[in-house]
Each structure stands twice: as structure tokens, then as C-alpha cells.
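A single chain, nothing else alongside it, follows as C-alpha cells in the form predicted on its own.
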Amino acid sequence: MRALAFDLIRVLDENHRAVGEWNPHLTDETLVAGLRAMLLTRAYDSRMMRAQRQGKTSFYMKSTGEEAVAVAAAMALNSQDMCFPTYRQQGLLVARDWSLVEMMNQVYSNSHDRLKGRQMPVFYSSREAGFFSISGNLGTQFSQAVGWAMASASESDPRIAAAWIGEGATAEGDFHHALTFASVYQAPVILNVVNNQWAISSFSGIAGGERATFASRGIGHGIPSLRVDGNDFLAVHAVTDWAAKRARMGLGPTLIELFTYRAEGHSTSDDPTRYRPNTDTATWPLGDPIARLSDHLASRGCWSAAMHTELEREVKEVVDAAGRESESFGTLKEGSRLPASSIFEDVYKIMPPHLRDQLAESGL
């Protein structure tokens, strides 16, 4: 398997056909569902980006160009499997049909925010959707996922874990700690490195990407490692399905490097034109994952430009309706807020005496 850590696994060829031994042979219905989830993710991102520019929230991070990384993986995993995401995996929630209104409430920190304004915008969390709280401390997701997977295996729980970090975070100690534990304890976990070429404004070579592939770092730990075209929906689905089956059979972890590209800035606080050419996205050789899947469906004779346009219109209406509902509960600029007394809640299962005293003294 060693060569798979250095090659690039692809399914879609230049003529948009599914070819090769990694072809997952997905049905038309599955592929259309994947296309819809990616389009819905992109439409959601566009609306929330505008909301940030309008001052309705303080911060946002788009996943433009990386939608297949999350959506294809979510569709290859079981809905009960636990995901430990980093930035730009909102497609996991979208593909699992989690409420867009709930996601928007969290971004706005409004009166219906389930996290009560205690997380940065886009740091979603949903136990029901198997989506572990996003952490701003990069690399922690791998250690957390491995620990969760070890516990799952020890309790004979059939669920597995999957985690995502950026290529820059592979330079953190958490990356190597997690790989060591995963290998030694045969943890049923999929460890995904999203190599989108940029860690904020530092290109992947700063983290060692010019010396060797990020997938190859798993070889020394004895972990099967794969490098895949992250903009190829079918390829991402295929390798995730393969890794999930290994994990469920008790064969341990898999490391996957998803080679993709961050088409826009790191966040709304970033200006990528200061460190890379404006034309970069137009010349990115792997292409747009949405366009590639749409073209593949057309090559199968079950899709057309008119159908694609209609689907874009449909998902935009879904997002706009969710936006109107969420904004009715307030935004960062206006609307009702959670009561100030809520700062005392959810810290302890039972509020201890010193917090009860502080709550009483505050008069809230």
C-alpha cells in the first residue's frame, strides 16, 4: 500500500467518467443527493458571508471548493458515527440534514443559539448529528477522535470516529500523539488531513509539504495511508467507505490526505490577495468539485444544465427561508438576547453554592 500515500487516488477522468478500481459505483440518486448537499452548503456559505459583511455576525469561514471533502465523507459514513471536525466541514451537518436555522442561530449568537453565544461563529456543535464541538486549538480533533474511538471499541460499540484537521496542524504535537495511540490501540478511526494548500497565509511547504506528502507521515506509525483528490466526490466517498469498513472490522485506523484547494480567504478577517495571485482559483487544476460532479451526472445521461440551474434555485430558496427564520430570533446587531443570568448555567450539572451566591448578588 505504500505507493497510495504518494500517488493521487482519482475516479473522475478528464471526460467526467468514473473509471478505475476505486470507482464506488454509486447510484444516480446518491450522486444527485451529494450534489444537492454541496450546492446547499455553498448557498449557505454565500448567505452567511453576506450577513457578516452586513454586520449581522462578527466572523465567518467559507468552504468554497472543499465541499466534497465533507459531504462525500458524511455520505460514506453511518449517520451515528462521531465526527470531530475542524474549520470548513459544515457540509457534514448539511449532508446529515441538520437544521440550517440551528446553524445560523449559532453564527448569529441570537436568542435561539443552542450554545448560548459561548462559541465563536461557525464553531458548531451537535450531539444529535454526531458533530463534536469545533475547537480553535488546532490539532486537538485527532487526539479527541482517537480517544473516543478507543472508548467505543472497548465498549463493543459499532460506531467509529472520523476527524479532520488542516495540513498546517500536522506540525502540532497532537497529530503525532494521535497517530501513535491510534496505531498502538488499533482505534477504529479515520484521520483526515485536509490539504487545501494554505494554513491561513502560510503555504503548505511551511508545514513540510514540499518534502513529502502529508499522507506519508502515517507510514512510520504503521497506519495505512491514502492520498486522494479532495475535489473528486466519488474518490472521497470511495476512500472514506474503504477506511470505514476497515475500522468496523477491527483493523484499526486509516490516514487520508485530501488534496484540495481553499478557493477563498481563510476567513472574513483575511485578505488572500496579499499573499497569493488573484487568478489562483481560476487555474487550480483539480477544478470545482460541484462542477465536476454535475458534469459526471450529465455524462451518465441523467442530468442537464437546466436541471442544475433549477437545483441551484431550489437550494437558494431553502437557505433564504432558513435565513429569514433565524434572523427573526435576532442577529449580532439587533433583536432579543439570551438573559445575562445564563452565564451561570451549564458550567456544572448542579450549580454549586458559590455560583448561587454570585447569581443572587448579581441581581440577574
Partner chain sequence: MNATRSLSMIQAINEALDVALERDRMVTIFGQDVGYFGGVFRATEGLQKRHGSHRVFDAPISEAGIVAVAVGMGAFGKRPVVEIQFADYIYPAADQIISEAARMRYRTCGEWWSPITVRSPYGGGIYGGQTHSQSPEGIFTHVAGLKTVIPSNPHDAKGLLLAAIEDDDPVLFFEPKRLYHGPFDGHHERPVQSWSDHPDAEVPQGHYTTPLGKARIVREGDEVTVLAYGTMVHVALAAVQETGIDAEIIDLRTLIPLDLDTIRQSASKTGRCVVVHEATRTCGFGAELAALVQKHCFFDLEAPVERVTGWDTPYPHAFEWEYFPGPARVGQALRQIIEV
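Residue numbers count along the first chain shown, from 1. For clarity, a rigid core is taken as the largest C-alpha set superposing within 1.5 Å between two forms. Predicted, not measured: the structure shown is a model, and the values here were computed from it.
Omitted from view is the form predicted together with the partner chain, to which the following refers.
Within 4.5 Å of the partner chain in the model of the complex, a heavy atom is found for not a single one of Phe259, Trp284 and Leu297. Listed stretches are 235 to 243, 286 to 294, 73 to 81, 125 to 133; the contact stretch with the partner chain in the model of the complex is 125 to 133, by a heavy atom cutoff of 4.5 Å. For Leu311, no non-hydrogen atom is located within 4.5 Å of the partner chain in the model of the complex, even though that partner is not displayed. Residue contact check for Glu345: one or more of its heavy atoms lie within 4.5 Å of the partner chain in the model of the complex. The closest heavy atom approach of Ser328 to the partner chain in the model of the complex falls outside 4.5 Å. Using a 4.5 angstroms limit between non-hydrogen atoms, Ser46 is distant from the partner chain in the model of the complex.
Residue in contact with the partner chain in the model of the complex (any heavy atom within 4.5 Å), chosen from Arg96, His112, His177, Arg248: His177.
Residues of 94 to 119 lying near the partner chain in the model of the complex, listed in sequence order, are Ser109, Arg114, Leu115, Lys116, Gly117, Arg118, Gln119, the criterion being any heavy atom within 4.5 Å.
Taking the rigid core as fixed, one finds a CA shift for Asp346 of 2 Å or more between the shown form and the other one.
For Asp7, the Cα coordinates differ by under 2 angstroms between the shown form and the other one after the core has been superposed. Residue displacement note: Arg356 has its CA displaced by at least 2 Å between the shown form and the other one (rigid core superposed).
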